[in-house]
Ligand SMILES: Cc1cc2nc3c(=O)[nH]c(=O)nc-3n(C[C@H](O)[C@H](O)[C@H](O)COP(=O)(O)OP(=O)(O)OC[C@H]3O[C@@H](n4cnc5c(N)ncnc54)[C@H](O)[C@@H]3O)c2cc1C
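Here you get one chain, nothing else, as C-alpha cells; it is the form predicted alone.
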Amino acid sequence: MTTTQVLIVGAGPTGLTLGCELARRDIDCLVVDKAPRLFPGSRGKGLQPRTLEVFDDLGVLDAVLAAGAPFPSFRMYQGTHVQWTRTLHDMLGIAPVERVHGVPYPDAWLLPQWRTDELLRDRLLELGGRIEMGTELVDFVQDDTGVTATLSRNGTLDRVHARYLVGADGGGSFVRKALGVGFEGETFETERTLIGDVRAEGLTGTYCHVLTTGDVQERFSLWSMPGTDYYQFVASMTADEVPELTVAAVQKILDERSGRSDIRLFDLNWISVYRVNVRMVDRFRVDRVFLAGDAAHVHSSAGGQGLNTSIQDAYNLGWKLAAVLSGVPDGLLDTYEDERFPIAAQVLDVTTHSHRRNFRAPEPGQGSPDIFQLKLNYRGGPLAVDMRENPGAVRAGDRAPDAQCAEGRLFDLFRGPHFTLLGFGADTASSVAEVVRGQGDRVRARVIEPGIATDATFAVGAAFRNYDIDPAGPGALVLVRPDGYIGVVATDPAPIQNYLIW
C-alpha cells in the first residue's frame, strides 16, 4: 500500500489548482483521473479577474496571459448583416472595472479550458506534485487515521492511504455518490446545449459571432479561440432537437439558424451535449473527505462562473488542508464548508438568472451580476474578525485589494503561502513587530505610510483608499489570509495573535 497526505480525485481545473496549492506548501499529494488524458475541449473558456489573481499567486499568470486574450466583443448578425457589436460590459449593462481601485487584472480573459488544464498540470509537476491519468477511484473507506482508497490502473487494483481525500471529479462525482451526500436543485429537462470545437471558413475578426436570421433566441454562436485556429460553437435547443454529434449535423444547424451558406465548418475536434443542471450538495465535508468544484455544485454556463467558482473552492481549501497537516487544529477544515456553501448558493442564483435572461436587456433597476467574483466575500464567517466599532466599506472577510505603495505593490507581497500583516500608519510599527516576532516565514509584514505612489497610475495614498482607512485617523492592523482575503482588522495586536493559531 502506498501513502500520500492528500489524494485528489479529478484532474480538471479544481483538482489541479488544489494540487498546486498543496505542492507549493510541501504537502505530498497525488492527483488521479480515470480519463487517459486531460480534457480536450474548450468548455470553460472564461477566466474572471479574481481567478487571474489566484493564478498570479500560483505562478501561472504570465503563461495564462501569453496563451489567452481579452474577452472578445459580441457581434450580432442578421444573415450577413452586422446588427451590432457590443463589449462584455455592454452585454451585462455594467461599467468596466478600474485598475486604479485595487484590481490589477480588471478584464475577463479568454482561454480554452484544455489550455488552462495544461498550464496548471505543468505548474503542478514543476512544484513536485504527482498526477496519474488512466487511474480510477473505485472504492474508499475512512477511519480516524485517514482514507484508504482503491484505485484501478488498467484493470489492476492498488490501495492508497491518504490523510484526506478530495473529490474534484465533476458533476457525476463518484466520490459524492459514494458518500451519499445530497445534490439538491433542478434539471432543465427540456433544454440542451450543443457545444464543441471546430474550425471555420467564412468569418473575419475576433469576436463571439452570434449568427441569426433575426431571432436572437434562435442563434448559433462561434467564439474565436485565442492561440488556435478553432472556434467554440454553442447552440441551445430543446431535448428533442439534439442532432447526431457530427460536423455535418452541426453545419445544418448553423445554416438554418444563420440563413447563410458562406460559412463552412470542418475539423470537429470535440463535441458534447450539455444538459443544464442547477444543483449543489448539502455538505462539503464528510469527516476526512471533501467535495469541490462541479462535484459540489453545478451551474448553467451563462455568466462563465462554473470553472471560476471551482478554482476558488480549491484555493480556499488548499491552505487550510496544508495548515492542518502542519499541525494546526482540525477545526480549521470546517470553515471550508462554512465559507464556500453560501458562495456556491449565491453563484447558482447568478448563473440561473443569467441563463433565463438569455441575451435579453437587463430590466431597469436590476442589480449588476458580480460575474468577475471580486465582491464575493466571507463576511460574518468564522474566519472574519473586524474589531472596529464602525467598519468601513472594506471589511474582514472581503477580498484584499491591491495597491501600489512607496514600498512596492501589495499583490507582490501577498504572493506565496504565507499570511500578510499590513500596518496602516507609522504608529503601527511596534504592533506589527510584536505580531511577527517568532512567526518566521509564516507572516510577512509591511508598515504603510501615506505618501506619493511610485506608479503614476495610482493616486496618493492608494492603499489607504483601497482599504477605506482614514490616513489621518488611528492606525489599523490588517491581516490578509494566504488566499488573499482579509482575516482580521484591528487596532491592537491581540486579535491578530489569537487568529494566528490557525
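Note that residue numbering begins at 1 and tracks the sequence as displayed. From a predicted model like this one, the values you see are computed outputs, not experimental measurements.
The same protein has a further form, the form predicted in complex with this ligand, not shown here; the description that follows concerns it.
When you look in the predicted complex, the only residue of Ala35, Ala433, Ala69, Ala63 with a non-hydrogen atom within 4.5 Å of this ligand is Ala35. Though this ligand is absent from this view, in the predicted complex it lies within 4.5 Å of a heavy atom of just one residue from Thr116, Gln312, Gln305, Thr428, which is Gln305. Among heavy atoms of Gly19, none comes within 4.5 Å of this ligand in the predicted complex. Proximity of Gly44 to this ligand in the predicted complex falls within the 4.5 Å heavy atom cutoff. Taking the partner from the other structure, this ligand in the predicted complex has no heavy atom within 4.5 Å of any heavy atom of Met76. Put simply, Asp294 is close to this ligand in the predicted complex: some heavy atom of it is within 4.5 Å. The stretch in contact with this ligand in the predicted complex, judged by heavy atoms within 4.5 Å, is 25-33, chosen from 25-33, 51-59, 442-450, 464-472.
Contact annotation for 160-193: residues with any non-hydrogen atom within 4.5 angstroms of this ligand in the predicted complex are Ala168, Asp169, Gly170, Phe174, listed in sequence order.
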